[in-house]
Ligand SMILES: Nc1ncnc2[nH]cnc12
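Shown here is one chain on its own, the form predicted on its own, set out as structure tokens.
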């Protein structure tokens, strides 16, 4: 019989007949795959979770169908189709599903057994949980590979409460069930990336320059010559790893510092990093101080900006062929990703560096430095530091849906102070060279902190913000 699925009556008849076919295939022909479809039907169409749970459970126990073990385990874990949840019973069904070679069941069993915290519902058993996760990863479950990479990145201490992500020296003395192993972390991350887990791929972009070309810092670099709809970026991108975490490095002004601030192709830079899979960008910037307490040599994790640039291309949404369509009215509060900012702050404090937790950067056009009158005006506006590159870089990164944060290195006092000499290139370069290692240390440690995180929901929030800001008419 042919159904016209545009007619409501035909749709209802089709759905009812589908249920009849599933019941026949399950109860009469005893086909486990059809029993699973019947349970899905009861769940999705009939919304009868109690009956669905009964079919999932029976299909798992009677017919050894791994996917049904997973579904009933999930029902048991959250209390669906029953009076209350039972994580311990759920674990038993996940384990049975794993024995039946369902990789997602292995993942769930592994996650339950390796979880930490006061609310953990089952007895922790890291070796057993590790084996489940390993089997899941081996069977192409990308999330398991990503989770294993995180375990090796930070290590799994015997007593999780003793672990402090901001005190690496103390952590080195802990008793570990799984010791930190950056090589293993990288291998699992690459496997997760190959299987399509975006957060396992090369996902942390670094925009910097001097100091990051140290061959002992950036491991196994591969040059990527990228072309974007907005032209060429400032230089080739270097794709490799830092302490086992996949990263992409780009020199903002080019490796020979050939581009002045107003000539940097900020759009191509951000687009190129995103095209290589970056979800985060950590940036360094040299700044002059506008307040007494922000001294030369200090670090500042920026949290806002004032734009004094002009003529710079500051949006991707300008009808460029190959670019996005529409007009994007993007909110800029907060200007920087708070998660990435906190990673930079934690890294700086862990190193014992003087680091200011907030800072408004006044970004001027350049390439000249400020006049004294401008410097005094910037102070009156509430600026803490002044530079030439934060805008439009921060706005473009946010428009691309990326997590972006910047650590500023204070090189001078600009020229607002009484009896202060005008800032000079030689002064800036000398202070920058003397203290750039601080900024590099902070970036490297922040990379580890961000990579060890397992909750990336904030990245979805960044993307949703952009989507909600686009006005598009057909």
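None of these values were measured; they are calculated from a predicted model. Numbering follows the first chain given and starts at 1.
Beyond what is shown, the protein has a form predicted together with the named molecule; the following relates to that form.
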Contact test in the predicted bound form: residue 286 vs the named molecule, heavy atoms, 4.5 Å | yes
Residue contact check: residue 387 to the named molecule in the predicted bound form, 4.5 Å heavy atom | yes
Looking at the partner-bound form in the predicted bound form, is residue 411 within 4.5 Å of the named molecule by any heavy atom?
-> yes
Should residue 130 be counted as a contact of the named molecule in the predicted bound form, where contact means heavy atoms within 4.5 Å?
-> no
Looking at 316, 176, 369, 186, which has any heavy atom no more than 4.5 Å from the named molecule in the predicted bound form?
-> 369
Tell me, out of 37, 444, 436, 428, which residue has a non-hydrogen atom within 4.5 angstroms of the named molecule in the predicted bound form.
-> 428
Contact segment among 324-332, 337-345, 286-294, 148-156, judged by heavy atoms lying within 4.5 Å of the named molecule in the predicted bound form | 286-294
Could you list the residues in 329-358 that come within 4.5 Å of the named molecule in the predicted bound form, counting only heavy atoms and keeping sequence order?
-> none
